[in-house]
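In the block that follows, a single chain appears as structure tokens, in the form predicted alone.
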């Protein structure tokens, strides 16, 4: 098969926000306890942080980490997780039917973020609590000493403010499963009240309003519209959530998931323009895609009132990794709409990393994320792709290739490609109109013969990226060949013609 990609550096959608490579840590299953925090383990440091997890996450270059939930936050009292550990209460955890020890709380998370080389993105409880509690948490995190909660932070050993920039106004309040779930009109009032109080305490913060948590819900987009019409002047982002699945066991259909992701982003782009026009506003609101991943093989979420039960520990295969790459391709292509995105989650719970006491397993989904986070810089180039088509089940004819491209100010070009075909290799010719490629800096390809192949504790390196060759053409372009079921990360240096 042959395909052609045409890029012109003058045609772009703007700067790519590195926060699209964010992460998410929730008090769920073994994500916190036995995941990032495992005191007494020989692999943990003096603070109880798993050093192997930290090292792997640092390579993922996550600039932002959403915390503490998720469904967890909607019944969480953040004051349970501060102060001397021996005085912290043990609580029944509503969302995941587990016991929360509160041994890891706000201060530990802030300290862990520094070790992980990331920044906190805090969520406040607008399910069972409200604006007063949200304001108190902001005071604890961001205000200088001299007031009650800021002084409590200092008493707990942290005199300097944490200066948390990004805040989520609750979580999935459109979901009937959520503690404190309310209709959009009620949530909009709660969010607006909390936003005004929080920004009154610190006007430098950015706020994310809850949006739709699933495209299949009857309130999809209408919940977002009602919230935005009420809160437009108070918030900066609206959240979108999506978990992809292959319940039907149709790999051809599943591998076209990028089409659906793109459609959701298009939906939000239209909604933002509509409300902006309705408001006659100069302001723009953007998308925070702050929960996304593949999730369907292990959805067991009942902890049976145990501490750190093993919940939602998904095993990821090759086709899952190719779908993860398509999420990131869509975020890059729509850099004009998506400014924040958080893979859910980072360790043990639907995560690219799995731990056991003696080690760490890196799953297939880790590699596209790591390569794209490392090499994406600068502007998102518009991609003019001429690709063969294939039948993707009831999704119909779909391009075999899924592509994104970025260009840094120094001329470094990155092109990321997914070959959805299960049978055919594709030779891709990259045509550059106003620049020429002067050198290929690297090409890594993750591929395999079986879409269901997965890394395991017995075969941990079954799916890993391998270096490959790409060729400069006489016209200053680049040619590469992708095997079937492949993700490729190409880097090249360009110069003006």
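Numbering follows the first chain given and starts at 1. Worth saying up front: this structure is predicted, and the values here are computed from it rather than measured.
Only in words, not in the display: the form predicted in complex with a small molecule, which the text now covers.
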Original post:
Hey, of 23-31, 458-466, 39-47, 429-437, which bit sits against the small molecule in the model of the complex at 4.5 Å between non-hydrogen atoms?
Top reply: 23-31
Original post:
Looking at 224, 172, 319, 314, which is the one with a non-hydrogen atom within 4.5 Å of the small molecule in the model of the complex?
Top reply: 172
Subject >> The single option of 338, 344, 405, 328 touching the small molecule in the model of the complex, heavy atom within 4.5 Å >> reply: 344
Original post:
Does the small molecule come within 4.5 Å of any heavy atom of residue 125 in the model of the complex?
Top reply: no
Original post:
Can residue 98 be called a contact residue for the small molecule in the model of the complex at 4.5 Å between heavy atoms?
Top reply: no
**OP:** Decide whether residue 240 counts as a contact residue for the small molecule in the model of the complex under a heavy atom distance cut-off of 4.5 Å.
**Re:** no
**OP:** Indicate whether residue 291 is a 4.5 Å heavy atom neighbour of the small molecule in the model of the complex.
**Re:** yes
Original post:
Taking 65, 166 and 286 together, does each of them reach the small molecule in the model of the complex with some heavy atom inside 4.5 Å?
Top reply: no
